[in-house]
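Below, in structure tokens: the form predicted on its own, a single chain.
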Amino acid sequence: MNRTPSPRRPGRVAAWALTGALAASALTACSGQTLAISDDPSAETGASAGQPVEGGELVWGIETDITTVNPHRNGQDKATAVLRNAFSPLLYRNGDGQFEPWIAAGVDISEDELTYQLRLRDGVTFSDGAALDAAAVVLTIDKLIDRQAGYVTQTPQGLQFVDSYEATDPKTVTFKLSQPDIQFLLFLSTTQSSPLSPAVWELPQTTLEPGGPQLAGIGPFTIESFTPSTEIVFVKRADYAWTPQSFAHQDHPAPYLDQVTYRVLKEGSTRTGALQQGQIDVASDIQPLDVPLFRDDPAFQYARFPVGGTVYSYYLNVSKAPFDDIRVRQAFILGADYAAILASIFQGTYDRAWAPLSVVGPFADPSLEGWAEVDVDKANQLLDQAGWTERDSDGIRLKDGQRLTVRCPTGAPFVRESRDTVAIAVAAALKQNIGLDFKYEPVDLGTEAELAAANEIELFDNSYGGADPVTGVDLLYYTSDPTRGFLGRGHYDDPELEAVIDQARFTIDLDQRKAAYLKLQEIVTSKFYVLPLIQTQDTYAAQANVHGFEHDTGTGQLLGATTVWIEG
């Protein structure tokens, strides 16, 4: 006799604390409230040279140290484009903030935004041949929620308000939430929600943790081999037939390439040399000094493109001196010509960010451009008013015998894109212009975590990628609740700010979310909580005969290798 399974009741689960970034997101909605589906293909494509060619093998050099290819355990936003080669999400969020099907056919949402019926496509199979059905999705959610099983170390934040879920028919999973939460829909659109074949769950934890060929997922490629921190080899899955509506390659969802190898080359000079010598076909994360080597040589191609989320910024800790005084925060932000510093270092290869949220997506605020232009005279006046009137022999301001010192300990693995070089230039300018001692100190992650826990950080630098800023905003600004504000080292504890954050998170209404994020950016800039610096971006260089790069309009990142092909 067929029986309907009892609904799973996970109860309240802890938020997922990440130091990387949650990736893109997606959804199509149907009854009750309807989320619009974009029907205008707008994904960008790279250089083209006529008709795409089937076959071939490509080697791609990447900076990101990938220690696991398990999509549920890897939280690195830079790994998203790599993981999507083998693990397609259930849903997709495009650059307009709208949602579309991916391996799901749609989502029916109740009027109160508490019940979600996730409908699966017909005919979708895992790479081991097993059919995608509701039971497989439920089994994957079971593993993500069961902290006792040890499969994941922390439950995904998007499942925080899921009260129950069940397979209500072979192709439908029904979720009931205790409150509306856009994070849930975003979770469904990331590789961290990508279901794995039921047979995978019979594997030992030692195999599940790093992942590899035995992890049968749904993607345009399958994993042939994986050596952590070294290399991942994907091979074509010719029967892959599921892509979102707005993808430019909808009429050719399967890959052109037979094989693509991602090789971890951490040093920028190593990737540059390997590409120049023909050892690799594509290199990601091109260093600013190396850009002319590829941009100005017809044997290569070079591209840079902004990515979504929160931009690279300095977050000022308002809970302790000297940034507990708004005058000092304002002086710090006005006291150096940050635009000139970035222009000198990057030579036009990166753009200055003025707003806290990326220019990618529907939440950008272009009106903030120029809101904090350098004004050294005003900065010095503000510091005088704040009582920092004396100077020591080094020219650093003093108050009650204390030096005007701002420390920024930062996790060494996250120092990239010449951020340390920027900090050196900023420190020199602030010392000369306003007598402030700025210390940028790369440290190991353990030390950085200890200093943060002890509140021994005056400034925190961070960028947080993704198709939607909701995760980064929670982590960086929602500091009264540590389960949400895991990276909230600014200690803002600002009820006005947190009310706006809640307005943007606990609804699926796009217009309401836009208004809330405009208000949020007004608050954090007017109170001088944050100094946006660099518009985060991805870059790549490639041999001239490599074509078909397609971007994800939601995150701004490349979609992976599915559309890439080699000429000749």
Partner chain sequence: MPQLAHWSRPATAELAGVVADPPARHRRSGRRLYRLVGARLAQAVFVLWAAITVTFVAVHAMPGDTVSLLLGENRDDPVLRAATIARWGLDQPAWAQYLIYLRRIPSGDLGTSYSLRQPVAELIAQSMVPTFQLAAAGLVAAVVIGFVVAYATTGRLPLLRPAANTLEIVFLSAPPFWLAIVLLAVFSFKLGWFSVIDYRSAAGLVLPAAAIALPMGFYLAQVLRDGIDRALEQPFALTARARGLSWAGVRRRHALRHASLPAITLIGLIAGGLLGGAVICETVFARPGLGQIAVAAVMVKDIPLILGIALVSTFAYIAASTTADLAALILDPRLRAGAKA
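Numbering follows the first chain given and starts at 1. Treat the numbers as computed from the prediction; the structure is a model and nothing was measured.
Below: the form predicted together with the partner chain, not depicted.
- Against the partner chain in the predicted complex, the set Gln330, Ile396 and Ser480 makes no contact: no member has a heavy atom within 4.5 Å.
- Among residues of the shown chain, Leu531 is not one whose heavy atoms approach the partner chain to within 4.5 Å in the predicted complex.
- Using a 4.5 angstroms threshold between heavy atoms, Thr67 counts as touching the partner chain in the predicted complex.
- Heavy atoms of Leu265 reach within 4.5 Å of the partner chain in the predicted complex, making it an interface residue.
- Contact check for Val59: a heavy atom falls within 4.5 Å of the partner chain in the predicted complex.
- Checking Lys176, Arg147, Arg403, Arg295 against the partner chain in the predicted complex, a heavy atom within 4.5 Å turns up for just one residue: Arg147.
- Note on the partner interface in the predicted complex: the residue among Thr168, Ser164, Gln279, Gln245 having a heavy atom within 4.5 angstroms of the partner chain is Gln279.
- Look at 460-468, 90-98, 114-122, 271-279: in the predicted complex, residues with non-hydrogen atoms within 4.5 angstroms of the partner chain sit in 271-279.
- Contacts between 226-263 and the partner chain, taken as any heavy atom within 4.5 Å in the predicted complex, involve Thr227, Pro228, Ser229, Thr230, Glu231, Arg263.
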